[in-house]
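Read the single chain below, which is given as structure tokens and is the form predicted alone.
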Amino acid sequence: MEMFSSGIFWALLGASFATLFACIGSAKGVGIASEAASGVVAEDPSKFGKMIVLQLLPGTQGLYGFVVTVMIFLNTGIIGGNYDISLTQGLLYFAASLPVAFGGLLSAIAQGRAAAAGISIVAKRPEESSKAIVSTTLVEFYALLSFLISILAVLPISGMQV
């Protein structure tokens, strides 16, 4: 049980959550969009270029989670091997990782569904691809909010004397 009283344990758990859940959401979202795009491209390979953007959009959440993880690694000294953080700091890193972890998970799946709907639009009316992309990026706003909150929460922790 000593492990749970270690600040580095909680910081690593938070870093893991940030990447794990955001990447699970991105994988699921990209998968949803890719399944929809596969049928369209099988019928008309010339639409691949218009489909790829919609397929890629749900993947950004995984990137956001990864960036937060790297920030936690850098701020705690995990990269470089000089980590000495308090239990309170570790818990703060854990808490700071939760917005991007769960915001990324849920928004990526929702964005994958929005992208799949946009792909059906492009399948019938390729000239409307910009509308499909805009509709899909509306979900991105919530992923960005989650990402920004995690970044703003992670930044000051290393300087706190707690």
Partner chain sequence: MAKLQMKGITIACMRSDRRALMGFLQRRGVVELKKPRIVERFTFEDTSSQRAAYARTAQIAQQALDLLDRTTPEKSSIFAALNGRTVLDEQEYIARQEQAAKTMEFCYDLVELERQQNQCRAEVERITVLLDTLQPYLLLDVPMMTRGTRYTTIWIGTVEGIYTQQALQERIGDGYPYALEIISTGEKQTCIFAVCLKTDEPALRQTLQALGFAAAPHDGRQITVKEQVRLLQSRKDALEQDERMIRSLIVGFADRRADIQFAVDFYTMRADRYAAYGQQLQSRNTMVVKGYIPAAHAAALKEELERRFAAAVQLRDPEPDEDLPVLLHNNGFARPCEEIVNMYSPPGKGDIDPTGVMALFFYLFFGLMLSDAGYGLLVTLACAVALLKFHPEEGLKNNLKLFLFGGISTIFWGVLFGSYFGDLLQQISGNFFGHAIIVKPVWLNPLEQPLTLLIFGLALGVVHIYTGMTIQFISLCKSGKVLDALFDVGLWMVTIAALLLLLTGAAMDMSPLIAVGAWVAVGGAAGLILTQGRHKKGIGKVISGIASLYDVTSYASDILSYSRLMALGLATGVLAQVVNMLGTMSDGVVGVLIFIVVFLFGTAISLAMNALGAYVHTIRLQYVEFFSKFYQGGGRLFKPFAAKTRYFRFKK
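Numbering follows the first chain given and starts at 1. Here the structure is a predicted model, which is why all the values come from computation and not from measurement.
As for the form predicted in complex with its partner chain, it is not shown, yet the points below apply to it.
With the partner omitted here, the stretch from 128 to 136, 38 to 46, 114 to 122, 101 to 109 that lies within 4.5 Å of its partner chain by heavy atoms in the model of the complex is 128 to 136. Using a 4.5 angstroms threshold between heavy atoms, residue 85 stays clear of its partner chain in the model of the complex. Proximity of residue 60 to its partner chain in the model of the complex falls within the 4.5 Å heavy atom cutoff. Using a 4.5 angstroms threshold between heavy atoms, residue 144 counts as touching its partner chain in the model of the complex. Contact check for residue 92: no non-hydrogen atom falls within 4.5 Å of its partner chain in the model of the complex. Residues 17, 20 and 27 are none of them found to lie within 4.5 Å of its partner chain in the model of the complex, as judged by heavy atom distances.
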